[in-house]
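Given as structure tokens, the chain that follows is alone and in the form predicted on its own.
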Amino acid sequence: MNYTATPRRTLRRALKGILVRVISLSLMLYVLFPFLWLVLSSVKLPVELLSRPPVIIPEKLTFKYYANLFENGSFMTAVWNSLIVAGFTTLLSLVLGVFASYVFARLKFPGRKAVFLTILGSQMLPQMALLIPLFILMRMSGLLYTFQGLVLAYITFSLPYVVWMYYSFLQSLPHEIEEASRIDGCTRLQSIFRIMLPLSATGLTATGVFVFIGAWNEFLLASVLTDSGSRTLPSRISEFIGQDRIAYELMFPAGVISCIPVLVLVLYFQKYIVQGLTEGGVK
């Protein structure tokens, strides 16, 4: 009997466990380092932000620039504008996307597949390609520099994503469940609200969270289709980069503040996001 086999196997298993933990920790630090650097830099003094070699841990914490931002009316207006635009974009995209997805998933009509593929294909278009046409359309319709115009522009990109995601969830639901509800007397609309939506709530929630994050972080359209009164947070933060100087001491706290709504949203709906992505992955 080989008595050295068991210790060797135990040692190999222990080394494998250590290696996995080291790799996992390294990846976690790699992913989190930019955010940690952002948070640490937001409480540094300007002299430490530009020092060489870089100062990782600040010697003295300062929250003065957070206070300056909260007292800055245009910055807080931009935060409020971003909440309005991202909220309405998410709400309208989900409402329209649910009905559009249901039509493609459940109804049969000529050209259904072609129209569905066209909608999905529109998601592949880069924003830059539609920037000038959207600008002209918004100016002609009087929606330029308004919340409504920016929300409409965002919906053109988020709606195909919602249709694509929710269509997959609807396809996974058995047709027999909806047919049973129709036999029991439900109309098609009642079947959607009483049967389909509750059964696909996790997928719809995950989709809504990603739409909100996309609208919250969007910069290119917001920088062109808004003015000083309707400016959203990403474009307002970019204004800290001036011709004379870059206000690093304000950009870092502003970056942290811009992360807070997204972090709260993701942490609050974490269970639904994981479950929704898992269900989507299984399909």
Partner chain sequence: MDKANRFLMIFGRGREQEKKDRGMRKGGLLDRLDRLSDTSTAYLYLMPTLTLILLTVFVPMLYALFISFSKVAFTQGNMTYDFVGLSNYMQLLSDARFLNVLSNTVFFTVTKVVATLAIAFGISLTIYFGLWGAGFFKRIFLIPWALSNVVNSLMWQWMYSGDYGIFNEVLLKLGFIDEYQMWLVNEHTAMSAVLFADIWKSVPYVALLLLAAMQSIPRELHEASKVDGGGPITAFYHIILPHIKPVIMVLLVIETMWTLRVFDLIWLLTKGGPQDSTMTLNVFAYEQAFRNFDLGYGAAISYCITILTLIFTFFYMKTLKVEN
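Bear in mind the structure is a predicted one, so any value in this text is a computation, not a measurement. Numbering follows the first chain given and starts at 1.
This protein has a second form, the form predicted together with the partner chain, left out of what is shown; the following refers to that one.
A.B. asks: Taking the partner chain in the predicted complex as the reference, which of 134, 79, 170, 204 has a non-hydrogen atom within 4.5 Å?
C.D. replies: Filtering the options by heavy-atom distance leaves 134.
A.B. asks: Within 4.5 angstroms, counting heavy atoms, which one of the listed stretches 83-91, 196-204, 179-187, 67-75 is next to the partner chain in the predicted complex?
C.D. replies: Selected range: 179-187.
A.B. asks: Contact with the partner chain in the predicted complex for residue 224, defined as at least one heavy atom pair within 4.5 Å: yes or no?
C.D. replies: Yes, residue 224 is a contact residue.
A.B. asks: Taking the partner chain as it sits in the predicted complex, is residue 228 near enough to touch it, meaning that at least one heavy atom pair lies within 4.5 angstroms?
C.D. replies: Although the partner chain is absent here, residue 228 would stay clear of it in the predicted complex, with no heavy atoms inside 4.5 Å.
A.B. asks: So in the predicted complex, does any heavy atom of residue 63 sit within 4.5 Å of the partner chain?
C.D. replies: No - in the predicted complex, heavy atoms of residue 63 and the partner chain never come within 4.5 Å of each other.
A.B. asks: Residue 43 versus the partner chain, in the predicted complex: is there a non-hydrogen atom within 4.5 Å?
C.D. replies: The answer is no: residue 43 has no heavy atom within 4.5 Å of the partner chain.
A.B. asks: Can you list, in sequence order, the residues from 206-237 that come within 4.5 Å of the partner chain in the predicted complex, counting heavy atoms only?
C.D. replies: Stretch hits, in order: 210, 213, 217, 219, 220, 223, 224, 234, 237.
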